[in-house]
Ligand SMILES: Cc1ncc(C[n+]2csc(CCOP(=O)(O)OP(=O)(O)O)c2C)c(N)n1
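Quick setup: one chain, the form predicted alone, written in structure tokens, and binding and motion questions come after.
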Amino acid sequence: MLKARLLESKLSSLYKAGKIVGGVYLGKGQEAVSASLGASLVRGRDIFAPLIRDQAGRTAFGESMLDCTRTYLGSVLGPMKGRDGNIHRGRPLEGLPAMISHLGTTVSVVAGMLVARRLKGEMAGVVGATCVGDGATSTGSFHEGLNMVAIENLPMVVIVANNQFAYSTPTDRQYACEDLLDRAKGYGVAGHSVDGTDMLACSKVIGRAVTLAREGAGPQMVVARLLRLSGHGEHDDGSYVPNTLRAGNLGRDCLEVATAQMTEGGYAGADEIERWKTEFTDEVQAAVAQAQQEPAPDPWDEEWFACKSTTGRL
């Protein structure tokens, strides 16, 4: 959580300085949810489709910091070779598909990857997971994907980060059901609810959902209640969020809550956490400096062909 927060703070600064082309979307306030999911999965076995606020989950799942900085800064040595937008990065062969859209599409993408594993006889102990926002649950892609997941009884965990706004549209203008968990019931998917600002609660509930899916209990959906602590993106000031909401329980900073939980629970001392901050800040600076020195793609050398034949281009 801390490493992701420090990395994204640097990305925000680079964006405001004009060093990053394209949008920057921060996971500030969602780190407890995202990190709990990423830490519950196994890199090299499971499938994790992260979205725009999942840097903490990417970090916990094992994505290198250089993969992030190289993509944001357009390095040809990055996983997307500087060819794609900075948020559409991934390593599909390692179970980390590149994001297509944050509007529910990844539910069906992960479902398809799980079905492919099943057809190849490679499903033993595998879990697929993704994390979408409350706004995504109002899209057709989400419902079609969740319906397939339920019918095929796939070992999948869908996290819904209910941050109270789909961009600037509040939840009372998005859906009429009493709780988003009702959507899990409607498809025959097991549902769980958690305070998304509470690291220990997220770890317990999301970890349990992953375990249930891994043990054959079918698809699981977790609705996490929280609030974005920044705008929709760094281009947005979030002025539409009421101050009363910011001042309430949903507006708590999950990183501050986690720090208190770590120290009060005896998991780590305040001095140790400060050392982590220094260590991670140095790591962020080194990754940014390296990516900034690397070449961008050369359009004259690039070959924009999807495939080649043995005799020439197709």
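One-based numbering along the sequence shown. Keep in mind that what you see is a predicted model, and the values were worked out from it rather than measured.
Here the subject shifts to the form predicted together with the ligand, a form of this protein not shown in this document.
**Student:** Picking from 73-81, 136-144, 151-159, 108-116, which part of the chain touches the ligand in the model of the complex when contact means heavy atoms within 4.5 Å?
**Tutor:** Result of the contact check: 136-144.
**Student:** Using a 4.5 Å heavy atom cut-off, state whether M262 contacts the ligand in the model of the complex.
**Tutor:** Flag for M262 set to no.
**Student:** Looking in the model of the complex, any heavy atom of L96 within 4.5 Å of the ligand?
**Tutor:** L96: no, not in contact with the ligand in the model of the complex.
**Student:** Does any heavy atom of L250 come within 4.5 Å of a heavy atom of the ligand in the model of the complex?
**Tutor:** Flag for L250 set to no.
**Student:** Do R58 and the ligand share at least one heavy atom pair within 4.5 Å in the model of the complex?
**Tutor:** No, R58 is distant from the partner.
**Student:** Taking 4.5 Å between heavy atoms as the contact cutoff, choose which of L212, V241, I87, L103 touches the ligand in the model of the complex.
**Tutor:** Exactly one residue meets the criterion: L103.
**Student:** In the model of the complex, which of the listed residues (T130, N163, T197, Q220) lies with a heavy atom within 4.5 Å of the ligand?
**Tutor:** Partner contact (heavy atom, 4.5 Å) among the options: N163.
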